[in-house]
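What follows is one chain in structure tokens, specifically the form predicted on its own.
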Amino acid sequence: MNDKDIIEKVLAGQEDLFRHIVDRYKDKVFSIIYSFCGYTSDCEDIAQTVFIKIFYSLNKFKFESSFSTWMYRIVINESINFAKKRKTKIVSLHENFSDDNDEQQVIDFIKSDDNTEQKAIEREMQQLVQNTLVKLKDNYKIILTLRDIENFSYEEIAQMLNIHVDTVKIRLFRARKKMRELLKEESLYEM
């Protein structure tokens, strides 16, 4: 069943079908939120809030763009709002986890292979990217997350953010440049 069919049925009273939307998009939603806040428990709370907002706002969706574009706009706005309220910086992924279960979720999140050294490198890179990403302005963080982490096209990003494709490209260029500068300041990036 496609998004449009599900939404129409939910709006017609078959509200239990909304779980298909949640199942279909929960991983991407969680990933975008995680890029903003980095705390597993906060991400879960924000994701819940996002899906509740989406459910109660479905009647406002006009099918003028794809459902995912509309939904990701809500995800981004909610993530930014949370980050502004929280006003905290992520120091380290490891320090932000309260127990081994949370740490295991991060390890599972990172692409794994049988090479233990490779896993450690990937974990370190994930931590480095997250630590640097949080230091960027929101508009740079959004662009990098959507393009380089979530692999959305320039056109999809432009629709989500309601900006021109050229603006997406310019912001992405500047965001990548700033990311390199921050990494270089930490002496962790060699050009």
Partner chain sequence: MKCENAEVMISLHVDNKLSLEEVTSLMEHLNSCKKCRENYKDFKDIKIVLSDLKIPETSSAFTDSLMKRITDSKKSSGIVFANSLKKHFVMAASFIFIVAASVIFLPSKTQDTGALAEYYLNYDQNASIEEIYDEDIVSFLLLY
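What you see is a predicted model; the values in this text were computed from it and never measured. Residue numbers count along the first chain shown, from 1.
What comes next is about the form predicted in complex with the partner chain, which does not appear here.
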- prompt: in the predicted complex, does each residue in the set 30, 49 and 170 place a non-hydrogen atom within 4.5 angstroms of the partner chain?
  reply: yes
- prompt: Even though the partner chain is not shown here, does residue 184 get within 4.5 Å of it in the predicted complex, heavy atoms only?
  reply: yes
- request: Using a 4.5 Å heavy atom cut-off, state whether residue 35 contacts the partner chain in the predicted complex.
  value: yes
- prompt: Can you check whether residue 138 is within 4.5 Å of the partner chain in the predicted complex, heavy atom basis?
  reply: no
field: Contact label in the predicted complex: residue 59 to the partner chain, heavy atom within 4.5 Å
entry: yes
- line: Applying a 4.5 angstroms cut-off on non-hydrogen atoms, the residues of 1-27 near the partner chain in the predicted complex are 10, 11, 15, 16, 18, 19, 22, 23, 26, 27
